[in-house]
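The form predicted on its own is given below as one chain in structure tokens.
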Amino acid sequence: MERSQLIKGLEQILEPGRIISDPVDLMYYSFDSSFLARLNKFMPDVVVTPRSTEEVSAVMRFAYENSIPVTPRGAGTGETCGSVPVQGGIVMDLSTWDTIEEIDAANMQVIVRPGVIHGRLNEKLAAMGMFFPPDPGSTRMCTIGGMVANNASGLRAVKYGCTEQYVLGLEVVLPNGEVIVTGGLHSRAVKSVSGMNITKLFVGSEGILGVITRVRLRIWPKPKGRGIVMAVYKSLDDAPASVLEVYQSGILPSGIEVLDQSAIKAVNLYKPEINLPDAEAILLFEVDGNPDSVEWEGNKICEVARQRAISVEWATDAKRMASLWEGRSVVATAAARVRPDGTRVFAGEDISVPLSKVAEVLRAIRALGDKHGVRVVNYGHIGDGNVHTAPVIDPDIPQEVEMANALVDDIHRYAVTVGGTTTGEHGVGAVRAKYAELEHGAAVGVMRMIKQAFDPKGIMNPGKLVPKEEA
């Protein structure tokens, strides 16, 4: 269909203010945070901003009848080209649909539309002594719909898990415009084994099966106490060993973060006043709960960590905790400082590996960086083996782009060979789809069957998550 006809057709469905067609405005939708988007120009033909299930359904029905690709999009904070229209067509921007429909504190759940910002939701819940536990680093920007589509997690996944554990039900518009509700049409139960669990099928499906238009989430009581232990290690191997010993002591921290030598250097270059100690690794253990248990667990972690660490500090004072946490909070931004003329690129940034392999993997990534001539900074959620790698290059030099892409390919393949995964929390999108066969084998065929059943015309977010079968 010609672009002009496409726009005319949408004008019969939506008000003019819900259609974006100016080329300058469309550029905003041609990228996310990924390196792949930076290297390409994935322009949509048109963008729509529906604000009702009926509007989403009408747009999908029109797209289905005319075989037009549709890419659902939240805030666009992803790092995998997941919300970028790699095959053009319609981008469906759901970020403005930000209604918190109901906070049902009595039943420990909340009902929201897909554009609600994570941080805003937790601000509202905090007033009632509740919270939605998953906590991605983009909390001030990312949307609940995007979190569900990507099964987001974050710093505290080691204790609180991923988004999927909190999704009780969804309203979804299928590719043909049909609307379904999962988890029970009128349910307010927090526990159910009725029917096939298709809610979980949509969580983490990255928009390739349908458009999420309403989310029913479980919420939890907000912990009253919190504390942080910072442990400094002379030897990198002692850091994951210390994590395991904390687990074996019977304690499950809410978060465990690691900065290796490269990350420590980057932070100190970026903000010298933080003055992280020179070491091979720093661990940050966070515990939360009632104040008495927090105090006990914090002191126990200190006792365990001192067996290997060269220094240990425990803090429950809000100001000191913020100071201890600051080094971890700035590291993603600080990474580029290891090279004055460099830029941190989001590629190969999200592998997850067995805890027993973390030290080996951090060393291997450093060696791969040396092999390809690319500076890398490593940090991550060591409590669940999620390693974030930040390559630093000059993206305007084609040779350096090639070097970075070769490094990233090696990192992804290496992760699988050591019993890990190409992505722990950021998702697959268009960036990692090519590794599906390597990681999942024959199971990819089943994924294709599911995709075909829901989307026989292949219009939903094409080119993402599940690669097409080669002819």
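So that there is no doubt, residue numbering starts at 1 and follows the sequence shown. From a predicted model like this one, the values you see are computed outputs, not experimental measurements.
What comes next is about the form predicted together with another copy of the chain, which does not appear here.
- Not displayed here, another copy of the chain is kept clear of I13 by more than 4.5 Å at the level of heavy atoms in the predicted bound form.
- Another copy of the chain is not drawn, but in the predicted bound form it has a heavy atom within 4.5 Å of G184.
- Heavy atoms of D292 reach within 4.5 Å of another copy of the chain in the predicted bound form, making it an interface residue.
- In the predicted bound form, no heavy atom of S262 sits within 4.5 Å of another copy of the chain.
- For the candidate set C81, V110, I144, V203, a heavy atom within 4.5 Å of another copy of the chain in the predicted bound form is found for exactly one residue, namely V203.
- A heavy atom within 4.5 Å of another copy of the chain in the predicted bound form is found for one listed residue only; from K224, R363, K371, R120, this is K224.
- When contacts are defined as a non-hydrogen atom within 4.5 Å, none of S34, P340 and M403 contacts another copy of the chain in the predicted bound form.
- Annotated contact segment (heavy atom within 4.5 Å of another copy of the chain in the predicted bound form): 151 to 159, selected among 151 to 159, 68 to 76, 82 to 90, 277 to 285.
- If you take 410 to 427 and check each residue for a heavy atom within 4.5 Å of another copy of the chain in the predicted bound form, you get G419, G420, T421, T422, T423, G424, E425, H426, G427, in sequence order.
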